[in-house]
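Presented below, as C-alpha cells, is a lone chain in the form predicted alone.
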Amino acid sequence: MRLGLIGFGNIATTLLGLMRQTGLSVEDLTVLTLPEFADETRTRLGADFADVAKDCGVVTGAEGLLSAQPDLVIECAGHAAVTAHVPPVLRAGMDVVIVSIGALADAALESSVRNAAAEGGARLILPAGAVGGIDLLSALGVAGGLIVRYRGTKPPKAWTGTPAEGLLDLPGLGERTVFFTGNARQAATDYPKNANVAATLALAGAGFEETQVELVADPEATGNSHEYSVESPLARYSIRIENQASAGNAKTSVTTVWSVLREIRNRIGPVAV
C-alpha cells in the first residue's frame, strides 16, 4: 500500500511508531508538511521510521501528495489542514481518513469535503478515535428519533489554550467543574483540539445541533474520559471510556492513534474488523 500523511506532529509520529511496533509496513510513505519543517521531517523519517516504508518522501503541498498517488491519505494536522488539503485529495479520487473531525462542524467545509468525495468517487473515512460504539450509533441514526448526550472530562492542563482559561482558574482548580454546556457544533467550534469526539458522535448520529455536550475539567482525572448515552426507538445504551492521554499531547487520547492504525490494518490485511 502507498500511504500519505498530512502532518508530522504528535499523532503522525505516534502512528508511525505504532506501525513499527506492530510490524506494519507499507510500500511507500509520503508526508505533507509545512515548508519550514520539511528538512527536519526528512531527517526524522530516515532516522526513526526507515523500517515503516520501503520508500519515504516529503512534500510541502497537495500537488506533491497527489503526484505520489497514495492509496490512503491520513489527515492529522488540524482544522486548517482539512480545509486546505482534504478537498483536492478527495477530488483526485484518493480515500482520506480525517482525524480532525471537529473541523466538519463548519457546515460549509463539511459540504465541501462531501462534494469533493462524490466528485472523485473517493471515501471520506471518519475513525472512531477516542470513543467506542460508533458502529451502533451510526446504525441507529438511520432510523431517526435519537437523543444523544455526551460528556468529555479531562484534567485542567488539557484545557490550556482554550476558552476554558477565561472561565476557570485551571492551575488552581480544586474540584470537578462543568464549564461548557451546549450542542456539538458549538463545542467543536470553540474547542477544536478537545471536542473531536463530540463531532464524531454528531456525524454518526443525531447531527450537530441535536447532540448535547458537556465539557468538564477535573483535577482528579488521570486521563481523558468520554461518556455518552443514546436513546432510540430501537435501542438504548450508554458507554464510558477512560483513556490515557497521548504522551506528547494531553488534549489527545492515545486510543485515537490506535483507531487510525486500525484503519490502516483493515486496508492492508485480509480481514477487516
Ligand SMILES: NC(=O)c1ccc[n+]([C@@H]2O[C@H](COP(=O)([O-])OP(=O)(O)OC[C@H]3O[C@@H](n4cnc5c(N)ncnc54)[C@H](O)[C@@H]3O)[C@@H](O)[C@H]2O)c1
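For every residue, the number given is its place in the sequence shown, counted from 1. Because the structure is predicted, anything quoted here is derived from the model rather than measured.
Keep in mind that the form predicted in complex with this ligand is missing from the display, and what follows is about it.
Report task. Can you work out whether this ligand is within 4.5 angstroms of a heavy atom in all three of G4, T30 and V96 in the predicted bound form? Result -> Negative, none of the three is within 4.5 Å.
Requested in this report: Just one of 66 to 74, 244 to 252, 50 to 58, 207 to 215 has residues with a heavy atom within 4.5 Å of this ligand in the predicted bound form, so point it out.
Outcome: Comparing against this ligand in the predicted bound form, the contact stretch is 244 to 252.
**Report entry** Partner proximity in the predicted bound form: L124 to this ligand, non-hydrogen atom cutoff 4.5 Å
**Finding:** Answer no; every heavy atom of L124 is more than 4.5 Å from this ligand in the predicted bound form.
Query raised in the report: Is H85 close enough to touch this ligand in the predicted bound form, meaning at least one heavy atom pair within 4.5 Å?
Result: Taking the distances in the predicted bound form, the answer for H85 is yes, it comes within 4.5 Å of this ligand.
**Report entry** Proximity of Y237 to this ligand in the predicted bound form, heavy atoms at 4.5 Å
**Finding:** No - in the predicted bound form, heavy atoms of Y237 and this ligand never come within 4.5 Å of each other.
Query raised in the report: Do G17 and this ligand come within 4.5 Å of each other in the predicted bound form, heavy atoms counted?
Result: It does not: once this ligand is placed as it appears in the predicted bound form, G17 has no heavy atom within 4.5 Å of it.
Query raised in the report: Within 4.5 Å of this ligand in the predicted bound form, heavy atoms considered, which of G141, P192, G120, P156?
Result: Residue within 4.5 Å of the partner: P192.
Query raised in the report: Between the options A187, A202, A130, V89, which residue brings a heavy atom to within 4.5 Å of this ligand in the predicted bound form?
Result: Of the candidates A187, A202, A130, V89, A130 is the one lying within 4.5 Å of this ligand in the predicted bound form.
Query raised in the report: Within 88 to 121, which residues come within 4.5 Å of this ligand in the predicted bound form, counting heavy atoms only?
Result: Read in sequence order, the residues that approach this ligand (within 4.5 Å, in the predicted bound form) are V99, S100, I101.
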